[in-house]
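A single chain, nothing else alongside it, follows as structure tokens in the form predicted on its own.
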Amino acid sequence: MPGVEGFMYPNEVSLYWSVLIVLYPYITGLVAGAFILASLVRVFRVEAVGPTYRLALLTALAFLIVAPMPLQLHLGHPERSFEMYLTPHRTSAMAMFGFVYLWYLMAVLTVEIWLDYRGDIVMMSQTTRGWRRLLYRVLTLGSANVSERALHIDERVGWFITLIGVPSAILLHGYVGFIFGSIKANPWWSSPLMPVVFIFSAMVSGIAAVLLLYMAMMRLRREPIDMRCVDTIAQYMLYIFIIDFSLEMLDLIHRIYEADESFRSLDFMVHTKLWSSQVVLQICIGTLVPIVLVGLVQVTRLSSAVRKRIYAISGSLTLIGVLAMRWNVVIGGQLFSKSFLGYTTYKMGLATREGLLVSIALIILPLFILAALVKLLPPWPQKRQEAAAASAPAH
């Protein structure tokens, strides 16, 4: 049973939103951030991060497939979730998520990946054998035209879809912050900056995830890391991180200055129940340390080996810090009573439906999906050519 301090009504003792609701905005944030990184290449013409373009798209797709699973597990009757499409409720932000998710998955991300890979899919449908040949032929959707004009049309249409995808990615994750920020009864959540903070923290986490995945895959493939690419990615991560941290501090300063009737309770929460997760883990370890480390790279001359280690440490701490931020928002906002006279605790189970093991599985699952996608659609140009040549039938 959760421990209770002070006065709380019975319906405030147990938390309704568990760790699965923490994972949901975290995973969707990784999707949005990875797609924003990919858009730097196609829309904003940042050629330096080109080596991670396709990897970022596949990463976004892998995590997007898993994104609704925490919500499905949290629901008592997940089979009823399909009713949101049959009886749309336009005034419900939660219900409209289904349409935002479907739009982003089917009309934006999947189409962009197909257009970008279409030429390679046609080539592999002609050079591979067995079940792979059948699969690639299905993926061509009957379009085998790989002329220069056809590929140019693919490029232009793909650019337009990416342009649409940028606000779509922001909408996909920003609405989560919108839901929290619009709950007026909870002073921990009710802030107009909440959607903006969620969006920028999502960008930071997604960029950090792609950076780590790119470095790890290059190491596994025993190929040199493009230092110009990772340096540029780290710069963008630093810039966005500074904006994100500034917005969070602005929100904190505003709360301190306003000091309304809820301030005493929120201040007590920060100095007791959330001290380790918010001040130590989120702010110090997960935010200030990565900013200082990456900032150090920008003002000093360090060797490639040292920069790689700094980026690996900074990226890992960034992912931990953003996860802590989601925890502090979702769990922290439910630990105090509406009367500000009592506090409760959250005890996470181990092997329950909404426990630790399930949460770890949901974090790891996208990595297995990404591994399958990379195997099916290699993001490395030379790798695709080698795979096609190796699979070609002998004459």
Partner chain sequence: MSIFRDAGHLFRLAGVYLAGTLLFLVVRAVVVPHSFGQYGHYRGAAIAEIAAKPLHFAGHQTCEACHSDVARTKASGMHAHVNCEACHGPLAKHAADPSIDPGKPDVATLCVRCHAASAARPKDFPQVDADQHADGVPCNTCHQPHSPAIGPASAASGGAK
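Positions refer to the first chain, counted from 1. This structure is a prediction, so every number in the text was calculated from the model and none was measured.
As for the form predicted together with the partner chain, it is not shown, yet the points below apply to it.
Of the candidate stretches 142-150, 233-241, 199-207, 282-290, only 142-150 contains residues with a heavy atom within 4.5 Å of the partner chain in the predicted bound form. Contact between residue 263 and the partner chain in the predicted bound form is not found at the 4.5 Å heavy atom cutoff. The closest non-hydrogen atom of residue 111 lies within 4.5 Å of the partner chain in the predicted bound form.
In the predicted bound form, residue 154 approaches the partner chain with a heavy atom inside 4.5 Å. In the predicted bound form, no heavy atom of residue 273 sits within 4.5 Å of the partner chain. 115 is the sole member of 115, 121, 319, 229 with a non-hydrogen atom lying within 4.5 angstroms of the partner chain in the predicted bound form.
Residue-level contacts in the predicted bound form: of 253, 306, 163, 106, one residue has a heavy atom within 4.5 Å of the partner chain, and it is 106.
Applying a 4.5 Å heavy atom cutoff to the partner chain in the predicted bound form picks out 82, 85, 86, 87, 88, 89 from 81-98, in order along the sequence.
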